[in-house]
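Next up is one chain by itself, shown in structure tokens, the form predicted on its own.
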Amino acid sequence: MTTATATKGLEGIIAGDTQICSVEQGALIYRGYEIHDLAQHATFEEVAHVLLVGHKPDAKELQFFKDELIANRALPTQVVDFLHAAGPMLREGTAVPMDVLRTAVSILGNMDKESQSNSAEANLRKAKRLTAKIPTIIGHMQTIIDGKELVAPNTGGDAKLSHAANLLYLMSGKKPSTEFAHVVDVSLILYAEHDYNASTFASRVISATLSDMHGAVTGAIAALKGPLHGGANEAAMEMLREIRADIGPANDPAKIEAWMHKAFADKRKLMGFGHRVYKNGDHRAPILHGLGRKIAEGRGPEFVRLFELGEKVEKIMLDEKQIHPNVDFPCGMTYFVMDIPVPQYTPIFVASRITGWCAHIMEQHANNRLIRPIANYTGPKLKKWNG
């Protein structure tokens, strides 16, 4: 038995220092900038520069950064060939998009001439390449699932489109509306960074061994896949689909309450609610909820009813369990009313969080100490093998 402090899930334990992000009850801050300020006034490219390079870019720096991303969007032939090979597995369900994305990133690592270098300069270049290519992986993967031709495989999209707009274009083959592109841009900002969350911490543990950036990102993707982390946005939407199927389209309050009370009685975990740090509500959730509801109102009553259902579920959770929604709950509804396929919700999360992960990997490599906690042994007392 150790006398060191033990806490399940490392809850409340400070595991290290970071200059990248502060997650507080009253604010979410990226390198000194508060999330509401960023969501209202910044673009994802600007936020990515803040996280990766370390400061707000001026006009010249921003244009150079955007040009670098655009120049690195296209995928190597080997990755495209793998995505085509994965198509049948995706359609049959033996693979899911997060697994395919994880493997594609690993292949990129095998092909990157700087993959084994952990220098600050090489890491920053790799971070930009990953930020540029992950949306292309997602877009090509979706068109392959849909049985369509790849969109602009030689360039990775349209150089005139923003990072968010190009992601939607690659997935659908259609240039998105300004409103749709803006909503996805804000969602990428909201998801970009969140201090020592499970996937980021996984990336820091891996990079603390002095493993490479691609390896650390691959591990982070595996961590994000889980429904208790990044996969919660998909799980939240699937839960709402289940409620709608069970109660019908009318959003009858009595039926919604009955469904929720049964879920409570069955001790079912309702996805998209609660947060390890935020006890008084997730700062990001109202931002995305408002944007998503506006999209729904523009698309018609069927889409508004989804948000009305979600709002009723939120009220019951808050009134009876005092649990607030986290950002994954409105994200699921918002992406759904934009016709984004549900299995791509978490990969899009990766397209955002790659900036935070890479920032943490670079920070870890720059001031490294192996992360090696100790365990509280609860097994049998000492015994003799013979006797």
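All values reported here derive from a predicted model rather than from experimental measurement. Heads up: residue numbers just count along the shown sequence, starting at 1.
Missing here is the form predicted together with a small molecule; even so, the following discussion is about that form.
- Judged against the small molecule in the predicted bound form with a 4.5 angstroms heavy atom cut-off, the residues L228, G274 and F349 are in contact without exception.
- With the partner omitted from this view, the residue of H163, R284, H214, H140 that lies near the small molecule in the predicted bound form is R284 [heavy atom within 4.5 Å].
- Residue I323 is the only one of V53, V342, I323, L62 with a heavy atom lying within 4.5 Å of the small molecule in the predicted bound form.
- Of the heavy atoms in A232, some are within 4.5 Å of the small molecule in the predicted bound form.
- Interface membership of K269, defined by any non-hydrogen atom within 4.5 Å of the small molecule in the predicted bound form, is confirmed.
- Although the partner is absent here, L306 lies well away from the small molecule in the predicted bound form, with no heavy atom inside 4.5 Å.
- In the predicted bound form, at least one heavy atom of M317 sits within 4.5 Å of the small molecule.
- In plain terms, the part of the chain that comes close to the small molecule in the predicted bound form, with a heavy atom within 4.5 Å, is 325-333 out of 24-32, 355-363, 64-72, 325-333.
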